[in-house]
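In C-alpha cells, the next block holds one chain alone, the form predicted alone.
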C-alpha cells in the first residue's frame, strides 16, 4: 500500500490579495494606532478593567500596549461550536476557512413578499425571514433583515429574537439596543436551550454589536461586549466603516482603523474571560462622494472584506464579512451582479460569517427575495470554492480504460454515483426553449418570487416543535421587558 504523506493539500480554492510583508505592515499600523492613539471608551467599568490589565487610561482615552494586544490574541480559542436550540446538533463550527452566509440586521424597511412594495419592517417579517432562511440550504445562520416598527419602542430587538429563534433551528446572530435587552435575549436563549447549564454547553446564538468609527467604543457597544465576555457568549464586535468619511479613503488605512476599533473588544473579552469566542471584521466599503451614499454594491466592499479576512487569518481571529447586498432598490439584474461578485469574493477569501445577504437600497431595505437569490449564488460559489477532488476514484483511470475510444459513460456505475455530485440549480434556467415556453416563459425574477412565496406558504419549520412551557417562559420575558420599559418612561 502506498501512503501519501508530506503533501501540501489545498482542499478548497483560495486567492490572496496581500503579501506577507503587506500583512505585517498593516498589523504594525494597528499596533502603533492602539499604542500611540488608542480609542475612546465610554464605559467606566471597562476602562477600570483595561487600566488594571496593562492599558494606559487617560480620561476616556485608552491606549493599549503591544504586549497586551499580543497576549489577547494568544488566548483566543482555536475553534468554537454553536448548536441548534432543540438538541446537540452542531450548526456552526467556527474555524479558519469555514464559511457561513446569512442575512443582516437593522434595515427600517422591507420589500413586502405579497405586494413587492417597500414598507416599514413589521414584527411578522422576523418570522417570515427566519422560516425562509431555515428552508434555504446555503444560508448558515439567521439575522432579521430589519428592525421591527410595530412593537413597543426600545424592544424591537427582543421581540425579533424571540420570534426568530422559534422559527428556525439555525443559529441566530442577534443584536440588542442595550445590555438590559441583551440580558433578555440571553434568557430567551437559555429557555430555548433547556436551562442555563445546557446553554453554557450548547450556545444557540451569537451576539452582534458595533463600536463607532473612528476609534470609539460607546457605552452600549462595549457594555454588551463586557456582558458577553462575562457570560462566555460568542460575540461579534465590528464597526461599519465608511471609506473617506469615518476612516481613511485608502483601503490599507481603513483596515487599520477598523481592526484597531475591534481590537478594543478583543482585548477586553480575553482579559475578562480568556478563550471566549469573539469575531471581528464588519462592513467595509466607501462613501460614494458623488451621491453621498454608503455603497453596499461597490467592488471595494469585496476587496476590503477579502483583505481584512487575510489580516484576521494572520493574527488568528475569525472574520465577520459582507456579501449578497446591493445599492439598487429591489432584487433585479443589478442586484444579482453585485451580489455575485461580493459572495464569490467572500467565499474565496475564506471568511467565517458573511452577512447582509438580502440587503438592498444600500442597507436601508431588507429583501427576502434577494436572500433567496443569494442562496443560489452561494451554492454555485461554494462548489467552485471546493476545487477539484483528486483521488484514485475521481481519477477514473480504470473506467477510462474499460470504456476505451469511441464509447460512452452513460451506463457506468461510476457515472451513476458521481453525476449526483454535479451542482443542480433551483432557480437558474437550463430548460430547452420549448420547455421554457410551455412553462410560462418565467424570468429569473418570476422563479425567485414563486420559490419564496412557496416557502412562506408551505414550509413548516420548527415552530410546532417548540414546547408549550418554553412559549410561556418566552412570553414572561417579553412581559417583564414591557414592564421595565414602561417604568423607565
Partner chain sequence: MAVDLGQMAELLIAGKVDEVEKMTGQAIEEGMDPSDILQKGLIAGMDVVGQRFKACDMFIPEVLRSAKAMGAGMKQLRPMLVASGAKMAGTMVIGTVKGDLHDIGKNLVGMMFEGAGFQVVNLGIDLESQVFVDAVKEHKPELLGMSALLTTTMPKMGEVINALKEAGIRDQVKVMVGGAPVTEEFAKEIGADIYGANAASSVDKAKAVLNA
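Since we're looking at a predicted model, the values are computed, not measured. Residue numbers count along the first chain shown, from 1.
Heads up, the form predicted together with the partner chain isn't pictured, but that's what we're talking about next.
J.: When the contact criterion is heavy atoms within 4.5 Å, does residue 201 count as touching the partner chain in the model of the complex?
T.: No, no contact at 4.5 Å.
J.: Is there a non-hydrogen atom of residue 254 within 4.5 angstroms of a non-hydrogen atom of the partner chain in the model of the complex?
T.: Taking the distances in the model of the complex, the answer for residue 254 is no, it never comes within 4.5 Å of the partner chain.
J.: At 4.5 Å between heavy atoms, is residue 159 in contact with the partner chain in the model of the complex?
T.: Because no heavy atom of residue 159 falls inside 4.5 Å of the partner chain in the model of the complex, the answer is no.
J.: Check residue 273 for me: does it contact the partner chain in the model of the complex (non-hydrogen atoms, 4.5 angstroms)?
T.: Flag for residue 273 set to no.
J.: Residues in which of 145 to 153, 314 to 322, 389 to 397, 265 to 273 have heavy atoms within 4.5 Å of the partner chain in the model of the complex?
T.: After filtering at 4.5 Å, what remains is 145 to 153.
J.: Would you kindly say which of 245, 303, 135, 226 lies with a heavy atom within 4.5 Å of the partner chain in the model of the complex?
T.: Filtering the options by heavy-atom distance leaves 245.
J.: What is the one choice in 81, 216, 415, 127 with a heavy atom within 4.5 Å of the partner chain in the model of the complex?
T.: Contact check passes for 216.
J.: With the partner left out here, if you bring back the partner chain in the model of the complex, are 42, 212 and 364 all within 4.5 Å of it by some heavy atom?
T.: Judged in the model of the complex, 42, 212 and 364 all sit within 4.5 Å of the partner chain.
J.: Is any part of 94 to 111 within 4.5 angstroms of the partner chain in the model of the complex by a non-hydrogen atom, and which residues would that be?
T.: The stretch touches the partner through 108 alone.
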